[in-house]
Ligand SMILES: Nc1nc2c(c(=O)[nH]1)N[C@H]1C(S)=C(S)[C@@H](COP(=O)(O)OP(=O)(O)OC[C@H]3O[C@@H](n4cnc5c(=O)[nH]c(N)nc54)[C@H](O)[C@@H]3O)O[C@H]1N2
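Next up: a single chain in structure tokens, the form predicted alone.
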């Protein structure tokens, strides 16, 4: 692949928390990466990189990049640090971790700063297991959606997204595909060209909902999805569109489901959802009769108290209609379960105390104190709800905090030590996808810049300094890749380290027209899909479920990933990626703005009992009355309060501490800032 004697190309893959996992080639000249381009022959990503990744090399060589370990010298949060040697940093961490009162007083906090299996956490998890540290359940996103699907089918499998090209009805439910899953859009266009009816269901008129190929947009009231589903099933029974032979052979619980549906007429659902009766009826008929029929749903609807009910309800629709029978029919969700199933078994780590990551503020500020916090692959001060309590916890003088990072993030500013880590083009990793079935090997294109080290090497050094001798703590990155690839699952046949080195990526050996729950058996006790009662609970469309609170704070706030150049906190601190306005804005419907004498561009204060932000207003018909939005991912310096949207969001999780946070359930008020 060489171009000239001094220039060569190294293949890798994007690591971002995104369904697409683009394959890329890095051109290196005299040891410097000079070009990054998408791999044209990748069947899904097809040579196209998204706008944030198009500037990835700017990030690698950015003047603000952290290239040496740093020791805090000023107050926590001040960002005042001085360089320190790796030896001194590692020794200090080892000494502090060894001196905590109990291993459980050490907490690991990490998420999806990289999706690569190696740098994300295999070595880190081994290290923290060896010292007996507490762990964070990585449930901020996706888990509630998984649970809703599992309630019906016993597992998380969905349609291979590539097969959506076969659909003649394609519902994009609560997902902004054009912006957050852009490499699926050509598949949607292919389905449309083949005669598909494309329907979007969303509380907000997103760029996907407004796209010209979309046939119909249903803008339902947030949190009313269950009522819509139950009314659709009412229509299916009333119009004799149920396949009773399929239902008898492949499902249980139909009678309970139909009892629920008979109590939710389309007229009742219309009053709840804000949709017209005829549109609810047409949606039901279309999904049942224009086949293959598929739903694309990721995590949008899950971030509510009753999010699991919503996801369970949506998962019942293809079970009721037998949509799974058709190649390209059913429900397309995350493909991560295919990789979880096919790849080698994960390490058998001991049970330890665990906390839902949404509760970080509570964990850091309650009386049963965490004494040491190690953060990697995450910026919790920005991404986690309950931001003010998190900052309170990070500000504790008695909390020893280490942050492994590439830049001085809002979290890193509160660290005692900041350790510089490598970027994706400087280390080895194995990268699965959650939007397709291609597994990629990322190879380092350049030597680590400055003194930056891979996450894995940092934890190897800490293990040595602490005298740990648990298995696997000295394994190299290549050895860990080979361990993950050691699998006798049929989907991994012929997929070896050597093959990935030669080709860069390869598809799991899942049959092209695989039909989950038809070609395979549902993972339930009786091998059948589980239906059952679906009860819409009045008031669930009211955020936080408290009428008294709603009188004080009459607007519902949702945080959105809405800007094309940054969809996550990795880029929220870089001016090169900001929108032209250079600041986040509060979007508000014209009627709500008029009631508050707010004009477009006015400075406003959005507030609730958790906090407040001062922002510029953007009046938009894309919303519905009663709903406001603030974009996700902006760093703290973007507002006068030095806070982001998560200063306002709800950190509540399910009673069993399992599942995603409720942070689309936020009651707020918006007022004009005078003067």
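Residue numbers count along the first chain shown, from 1. Being a predicted model, the structure only gives us computed values, none of them experimental.
We do not show the form predicted in complex with this ligand, though everything after this point is about it.
K.L.:
Counting only heavy atoms and a 4.5 Å cut-off, does this ligand in the predicted bound form sit next to every one of 155, 312 and 317?
P.N.:
No: none of 155, 312 and 317 comes within 4.5 Å of this ligand in the predicted bound form.
K.L.:
Can you work out which of 383, 445, 534, 484 has a heavy atom no more than 4.5 Å from this ligand in the predicted bound form?
P.N.:
Filtering the options by heavy-atom distance leaves 383.
K.L.:
Could you work out which of 206, 169, 321, 260 is the residue within 4.5 angstroms of this ligand in the predicted bound form, going by heavy atoms?
P.N.:
When this ligand is considered in the predicted bound form, the option within 4.5 Å is 206.
K.L.:
Is there a non-hydrogen atom of residue 304 within 4.5 angstroms of a non-hydrogen atom of this ligand in the predicted bound form?
P.N.:
Because a heavy atom of residue 304 falls inside 4.5 Å of this ligand in the predicted bound form, the answer is yes.
K.L.:
So in the predicted bound form, does residue 584 come within 4.5 Å of this ligand, heavy atom to heavy atom?
P.N.:
Taking the distances in the predicted bound form, the answer for residue 584 is no, it never comes within 4.5 Å of this ligand.
K.L.:
Considering non-hydrogen atoms and a 4.5 Å limit, does this ligand approach residue 659 in the predicted bound form?
P.N.:
Flag for residue 659 set to no.
K.L.:
Within a 4.5 Å heavy atom cut-off, is residue 113 in contact with this ligand in the predicted bound form?
P.N.:
Contact check for residue 113: yes, within 4.5 Å of this ligand in the predicted bound form.
K.L.:
In the predicted bound form, which of 99-107, 175-183, 466-474, 358-366 comes within 4.5 Å of this ligand (heavy atoms)?
P.N.:
Selected stretch: 175-183.
K.L.:
Go through 210-227 residue by residue and record those having a heavy atom within 4.5 Å of this ligand in the predicted bound form; state none if no residue qualifies.
P.N.:
Read in sequence order, the residues that approach this ligand (within 4.5 Å, in the predicted bound form) are 220, 222, 223, 225.
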